[in-house]
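Shown here is one chain on its own, the form predicted on its own, set out as structure tokens.
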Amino acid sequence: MTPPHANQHDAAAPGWRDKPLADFVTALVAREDPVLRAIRLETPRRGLPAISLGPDEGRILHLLAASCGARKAVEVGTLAGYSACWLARALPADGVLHTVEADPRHAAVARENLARAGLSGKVFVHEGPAAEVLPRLSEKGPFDLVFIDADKGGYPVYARFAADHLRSGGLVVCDNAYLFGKLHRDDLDPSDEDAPKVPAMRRCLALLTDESLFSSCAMIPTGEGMAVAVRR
């Protein structure tokens, strides 16, 4: 994927920015089995928003969960369960993923998909606004990983939950951290629906870069930006 800051019209752009190479790497590294592929492709056909992670981001999630030895994880924003499948597959047999979805219809589709993937035994889908559900999950922590991919205005609240309930060395992962290319913009028209999300995402990232809470923070330059921080 071409980073948002790359010059799209630069004829001398290095080859790693080329789509054919990106497609080749995706096919090589971020392979999906038939179940994952079906879930991803069927999501928009079932009338759900076409906003799922791609296989590249799914593989990154799997890598991050496996690398920190995650056994207990939380996901904020389930949609159809595609990212939950990637996360749950990285957990050990006795691992648990709590995923939170505000829309009951989306939650129902996610449960179907998780059952199809054989993951119902380790993934619990919680329905309701994350700001209401997360406090009820507090007693199940501390957690090894918290993945946030939900309403952008709520990111500061969800990141604070992560800071408060991750174990030392645990990871918080925030998708869409570039905020659709608008994170740096101070000139957005107030009528732009993303305008109020800019300060919210900045507060979230300020929390993740607070060295009293997190020992390290970096941005993985996926197409939408994936911020990752390690709890101190």
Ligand SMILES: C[S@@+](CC[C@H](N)C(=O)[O-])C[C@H]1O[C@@H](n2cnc3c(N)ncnc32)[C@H](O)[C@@H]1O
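When you see a residue number, it is the position in the sequence shown, counting from 1. These figures come from a predicted structure and were not determined experimentally.
Although it is not shown, the form predicted together with the ligand is what the next lines describe.
Only one of 89-97, 115-123, 135-143, 76-84 lies within 4.5 Å of the ligand in the model of the complex by heavy atoms, and it is 76-84. Looking at A102, you'd find a heavy atom of it within 4.5 angstroms of the ligand in the model of the complex. In the model of the complex, at least one heavy atom of Y158 sits within 4.5 Å of the ligand. With a 4.5 Å cutoff on heavy atoms, S52 counts as touching the ligand in the model of the complex. Proximity of A130 to the ligand in the model of the complex falls within the 4.5 Å heavy atom cutoff. Residues from 129-165 that approach the ligand in the model of the complex with a non-hydrogen atom closer than or equal to 4.5 Å are P129, A130, F147, D149, A150, D151, Y158, in the order they occur in the chain.
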